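In structure tokens, one chain follows: the form predicted on its own.
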């Protein structure tokens, strides 16, 4: 039996392709015949420049290069291949009649994967070629897996972008809510899809209610749960459960509708309701950090309670607090993503800095004060994207 056919490379159902680059016709003809007897498809080139062009065009599984050639020698071809991102993973074998250690070291340094002596036996040629083809098969398998992962990553990023666009479509339109209430907001989503949402709604001609919610965790599931809770808090839905804009009743029903999930996911929520006739703001919270009331006279009050988030206890009773709103007062609702923004040192921005910055912009229009507040948190963090969603909802009362 011919030793060339002892073991053909059975790497896949497709015939492997070998590019043979050698300027000596007799030597090239002999090696090509040997490779063909091994069941391989053989491409031939008479010099390095021609070989490089064929390699780029045909993408063979393995390329065998003579060291000494006109136009471009073997090691130079290797260097060109390793500098080209489209073909840098090609498997290259250098043929040489001078297989000295220093020459082998030079060839490897310049990009060759293996060496083949021109005086090699048939068995050695077979072994070297099969080894190169196995390596090529492995590399291409890895590249194929990489490409699949990139495609899936692209699909996932597209889905996350669509989900993020949908979440942001649920946010309110800034401007005049009533003739005596103006609203503005600033929102900075994190890289991961989050679940911070807020809104302002009319209950009737005299009552306006507003809220901010935060779903625990990140990703599509928390974001969609947040969208569900936001839909639940629409006035046309809440009227099926209650006949007044009572924040405590809203919170009680939300607590009943949104228990802890099996994996422990939950919501924090702040709800306030303003009566334009009495100028009273009633509010309640469920695990939320609270809102900031900025008085026209320059004082500030935190509107918050210490109560469990939604879903922890089905029979939770929510406390209502009432405050009187005066002309020029502002109420700021915020997610914890802004005051928990870390500096590069790890120190959090904190509620004190937030309060001080908000007060420093009390004379600016609300539509300028909120972006300035967000920008200051960004400067503290040192990057335009926070680890968590950062949301600000502001209302200004002109009574």
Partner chain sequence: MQIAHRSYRTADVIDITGQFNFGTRKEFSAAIEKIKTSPHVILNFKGVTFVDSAAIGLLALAAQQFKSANRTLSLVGAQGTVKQVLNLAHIEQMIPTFASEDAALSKAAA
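Residue numbers count along the first chain shown, from 1. Here the structure is a predicted model, which means the values were calculated and not measured.
Below, we turn to the form predicted together with the partner chain, even though it does not appear here.
- Taking non-hydrogen atoms only, residue 298 never approaches the partner chain to within 4.5 angstroms in the predicted bound form.
- Taking the partner from the other structure, the partner chain in the predicted bound form has no heavy atom within 4.5 Å of any heavy atom of residue 230.
- At a distance threshold of 4.5 angstroms between non-hydrogen atoms, residue 263 is in contact with the partner chain in the predicted bound form.
- Though the partner is left out of this view, residue 309 does reach within 4.5 Å of the partner chain in the predicted bound form, counting heavy atoms only.
- Scanning 294, 137, 76, 216 against the partner chain in the predicted bound form with a 4.5 Å heavy atom cut-off leaves one residue, 216.
- The partner is absent here, but in the predicted bound form a heavy atom of 313, alone among 313, 84, 204, 106, sits within 4.5 Å of the partner chain.
- Of the stretches 87 to 95, 254 to 262, 114 to 122, 151 to 159, only 254 to 262 has residues with a heavy atom within 4.5 Å of the partner chain in the predicted bound form.
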